[in-house]
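Below, in structure tokens: the form predicted on its own, a single chain.
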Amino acid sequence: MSSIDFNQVAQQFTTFYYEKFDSDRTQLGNLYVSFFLYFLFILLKILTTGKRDQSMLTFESSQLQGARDIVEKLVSLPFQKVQHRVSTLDAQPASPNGDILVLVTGELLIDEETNPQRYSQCFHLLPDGNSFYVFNDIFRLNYS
């Protein structure tokens, strides 16, 4: 894991995450389980490990633990369409074990709204062999 380019992992993960969120939120549970490194790019894939029950999401003031509860929360959000526009993406190694912290800021377009809402989201990715899974996810709308 030491030769991993954490910026590349963060970029590939973030691109995949927001594409899935914007198109089919029900598929996000897989990311709270694991994703594999494959060739030079990151290819996401399901792993069925017990780690999904340890993952945690803080969405505004709601805290949920476990992939199932996280997906239920995301699917229950009161909008049909969403588009994420990433403004900034910062990543850094979080421990000698290969953890990666990813901080994203951007704008959301929800349903037919024309005025975007600003957001911040932080992911803590934990290594699992040659793969990673989302251990922590903190999301917050930024009101001005």
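Because the structure is a prediction, the values reported are computed rather than measured. Note that residue numbering begins at 1 and tracks the sequence as displayed.
The discussion below concerns the form predicted in complex with another copy of the chain, not included here.
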query: Non-hydrogen atom contact K20 with another copy of the chain in the model of the complex at 4.5 angstroms; finding: no
query: Heavy atom of N142 within 4.5 Å of another copy of the chain in the model of the complex; finding: yes
query: Touches another copy of the chain in the model of the complex: D90 (any heavy atom, 4.5 Å); finding: yes
query: 4.5 Å heavy atom contact, E113 and another copy of the chain in the model of the complex; finding: no
query: 4.5 Å heavy atom contact with another copy of the chain in the model of the complex for all of Q12, T15 and Q83; finding: no
